[in-house]
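Alright, two takes on the same chain below, each alone as structure tokens: structure 1 and structure 2.
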Structure 1
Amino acid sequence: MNRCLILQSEVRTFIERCMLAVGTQPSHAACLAEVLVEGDLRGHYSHGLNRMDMYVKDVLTGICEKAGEPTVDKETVATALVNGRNLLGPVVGNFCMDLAIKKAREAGIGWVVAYGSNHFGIAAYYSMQALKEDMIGMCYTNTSPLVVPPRAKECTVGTNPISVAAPARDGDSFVLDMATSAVALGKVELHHRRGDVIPEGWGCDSQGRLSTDPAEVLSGGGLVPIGGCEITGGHKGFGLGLMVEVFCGMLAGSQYSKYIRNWKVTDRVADLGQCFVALDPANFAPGFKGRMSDLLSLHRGLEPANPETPVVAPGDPERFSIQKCRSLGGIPYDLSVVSHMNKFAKEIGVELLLPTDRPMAE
């Protein structure tokens, strides 16, 4: 058995006590814990507890601020430019999304852009805040350069995610949350650790050639945009990555493209650019949620090519993951992650993360 089950509340409070131990403002620690737990619940372990030590270290080294509030530099009835003041990404994200929703209530739409921000966990956490108000939410962020443009040999674009959430009936929703790279770096790393080759269309070597060797992708090469090589539309994925940069770094006046610090190198502040949008469907054709429900059920009800893999709508895999956690009564984690986190907790003198004693079937 190499997995264990941990109560959601235990994960949340563990992250909080780690963050508090290094002096983070309690409300900020709570913000971060909530976003990371949501990442794990939704099955995106690469954006959850697994990354907690990065945030703790950022506060510990002072590369990220542990207290304060973002401020609004300028605004119109429907837009705002926010100074994230180098606070934790979720603090900036919540501030901006709240502001976008407030503006959408008044003007129909709120388009808020922040500079001086940091990693904020899963983008869907913010876009989904709009669902609570029966609004469409969007969220974009630029990230460290990991993607090689078509025809090039050098990483100049981040995995720059796009998230759009739209409410349907009875609490159902459409939730798109995708990197504009073909896959996340974590997937390539996983194949590398296992000694597996990667499918063609995930990454390239240092000469810009598609490669199935994860070692080549990780050392000198890079990820490729969605679409893979040029003949299958890689220039479209590249274009989408730059579109995110237009909404983020270009509007924000933050770092952008290859000027963003390298992934996992935290020798200087991140100064990420991020974009948060809320749009109220009430100002458009009546019946929005009904149409959304129909669009979702139309797709979920399609006859599948293979009966074992039903057609799913954006957000469904994450919904299944949350349901699984609910039925298990906690979040399943690899023991290696727990032992890594507890080693870290000991170093900073924090009470350990305590798994339940419920057995986990493989």
Structure 2
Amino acid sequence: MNRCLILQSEVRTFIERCMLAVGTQPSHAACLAEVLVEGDLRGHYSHGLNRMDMYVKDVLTGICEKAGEPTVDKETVATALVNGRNLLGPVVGNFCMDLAIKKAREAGIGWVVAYGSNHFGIAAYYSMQALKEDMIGMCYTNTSPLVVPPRAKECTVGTNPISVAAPARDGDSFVLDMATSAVALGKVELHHRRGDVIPEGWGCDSQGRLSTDPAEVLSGGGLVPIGGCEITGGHKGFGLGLMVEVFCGMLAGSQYSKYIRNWKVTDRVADLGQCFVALDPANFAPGFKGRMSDLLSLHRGLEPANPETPVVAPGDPERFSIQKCRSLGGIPYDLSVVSHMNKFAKEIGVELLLPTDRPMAE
């Protein structure tokens, strides 16, 4: 029994308590907790509770502001440049996506970029907000340099995720949420914490050689782009990563590439660049949602190569994860992660910890 079941409400209030313990504005703490719990519900454990201590430390050390609101530097009817004021990433992300949606209602499209932001959790959390308005949502962010470009040995590109959400009929949707690296760093960290090897093609050592040892990737090595080596298409993933920099670092005037601080090194503010887009398909050909439903059904209906693994569309694995959590009545967590966070919470004076009395088999 190396897993335990925890209620959504328990995780959310625990994260809020930890953030409040270091002086975070209550609304900001609640905002962060919601994003992290959503990440875990959707099966992205690398971007949920597993990340909480990072946010707490950023506020505790003063490297991230614990109160205030983002501001708009300049805007047009369809665009805006936002100063994130070095606030928690989810606070900046919600502000920007709300603004993008507001502009899309008026102009058909809203394109908002922000500088002075921080890590904001899963990108899909923001792109999916557009679905509530029957709009297409897009979200991008640059990150600390964690990816080694093809032919290189040095990390100069972030994992730079891309998320696109598009509505279909009856509440269905297309939801793409992917790093432009072969895998998110958090997945390598989770394998390292559990003492497991990683699949070949996730990362490389300090000499740019593919490695299955997470310690080599985390200490002197780095992740590789989607596609891995150049011969298997890694240059394409590298190109996508730089595309995200165009939308984020270049447009926002934030830090970018190797100028962003190293991951988890809080010697200076992150000053991340982020991009949020809302697009109203009603301004284009009629019947968009119907065509989206057909596109999704076309692929879900394909005969699978393996009958035990049906063909899925982007967003389906996350929906399956949410359904599983609902059937279980909570979110299953690795006990090592829960124990680590409980120990950390004690150190900052939080007394009411996460329960570990609902063990589960792997």
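Each form is matched to the other, and the largest set of C-alpha atoms that superpose within 1.5 Å is called the rigid core. What you see is a predicted model; the values in this text were computed from it and never measured. Throughout, residue numbering runs from 1 along the sequence of structure 1.
Looking at the condition given, the form predicted in complex with a further copy of the same chain, one finds it describes the source of structure 1 alone. A movement of the C-alpha atom of K103 falling short of 2 angstroms is seen between structures 1 and 2 when the two forms are aligned on their rigid core.
In this overlay on the rigid core, C204 has a C-alpha that sits 2 Å or more away from its partner position between structures 1 and 2. Put the two forms on the same core and the Cα of K187 is off by 2 Å or more between structures 1 and 2. Core-aligned Cα shift between structures 1 and 2 at L353: this is 3.0 Å.
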